[in-house]
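To begin, one chain is listed below as structure tokens, in the form predicted alone.
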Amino acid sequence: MKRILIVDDAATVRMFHRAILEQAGYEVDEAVNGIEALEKALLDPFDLYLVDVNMPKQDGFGFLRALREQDLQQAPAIMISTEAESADQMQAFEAGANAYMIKPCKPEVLLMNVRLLIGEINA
């Protein structure tokens, strides 16, 4: 079973994404900021990271940069945000994101991106 870490400071958003992903058969864990997420990722790496941009203590950009500095932490990451500016998307890709989605996202679009990045479907 593929493991996904949801990194978001909003409990309702984590709950929404967890329900979608668990219903699709994924094992899901959660972190409330980038620092907690990095600790969890270093202890037991995940198959995919679903990362919010704006969080306290360490934002999504900082988390992805720190994650990508680890040689064994090359699992795909989807950055998700309410920010729709192209500059935000560019910053996400520069930090190491493989995809960028705007909140709120449709469940079927989220699952399609997850399955594509994990390698369960081909583009």
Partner chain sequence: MNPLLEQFLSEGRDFLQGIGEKLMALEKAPDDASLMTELFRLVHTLKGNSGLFDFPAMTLVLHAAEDLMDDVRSSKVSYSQTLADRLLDAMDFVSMQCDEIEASEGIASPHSDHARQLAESLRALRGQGTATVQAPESAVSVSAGADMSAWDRIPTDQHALLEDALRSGMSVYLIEYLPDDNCFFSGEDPLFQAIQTPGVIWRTAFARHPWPELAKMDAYACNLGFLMASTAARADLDEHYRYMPDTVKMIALQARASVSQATAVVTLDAVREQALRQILDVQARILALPVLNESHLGRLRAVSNTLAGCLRASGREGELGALMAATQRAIDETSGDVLLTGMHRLFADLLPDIVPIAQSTLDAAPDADQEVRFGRRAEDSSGASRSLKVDQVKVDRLMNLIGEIVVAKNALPYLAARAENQFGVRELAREIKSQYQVINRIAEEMQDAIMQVRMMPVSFIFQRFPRLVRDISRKLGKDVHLVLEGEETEADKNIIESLGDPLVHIVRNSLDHGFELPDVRKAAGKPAAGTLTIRARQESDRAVIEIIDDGKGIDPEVVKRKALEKGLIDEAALTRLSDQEAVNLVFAPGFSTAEAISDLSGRGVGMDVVRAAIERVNGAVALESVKGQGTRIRLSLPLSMAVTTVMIVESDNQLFGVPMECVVETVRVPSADIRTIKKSMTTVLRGRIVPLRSINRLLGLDAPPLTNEQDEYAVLIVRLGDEILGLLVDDFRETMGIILKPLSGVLAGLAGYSGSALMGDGTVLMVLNAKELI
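Keep in mind it's a predicted model, so treat the numbers as computed, not measured. Residue numbers count along the first chain shown, from 1.
Quick note: we don't show the form predicted together with its partner chain, though the next part is all about it.
Of the heavy atoms in Thr12, some are within 4.5 Å of its partner chain in the model of the complex.
In the model of the complex, at least one heavy atom of Ala75 sits within 4.5 Å of its partner chain. The closest non-hydrogen atom of Glu27 lies beyond 4.5 Å of its partner chain in the model of the complex. Its partner chain is not shown here, and in the model of the complex it never comes within 4.5 Å of any heavy atom of Asp44. Along 24-58, a non-hydrogen atom within 4.5 Å of its partner chain in the model of the complex is carried by Glu36, Val53, Asn54, Met55, Pro56, Lys57, Gln58, in order along the sequence.
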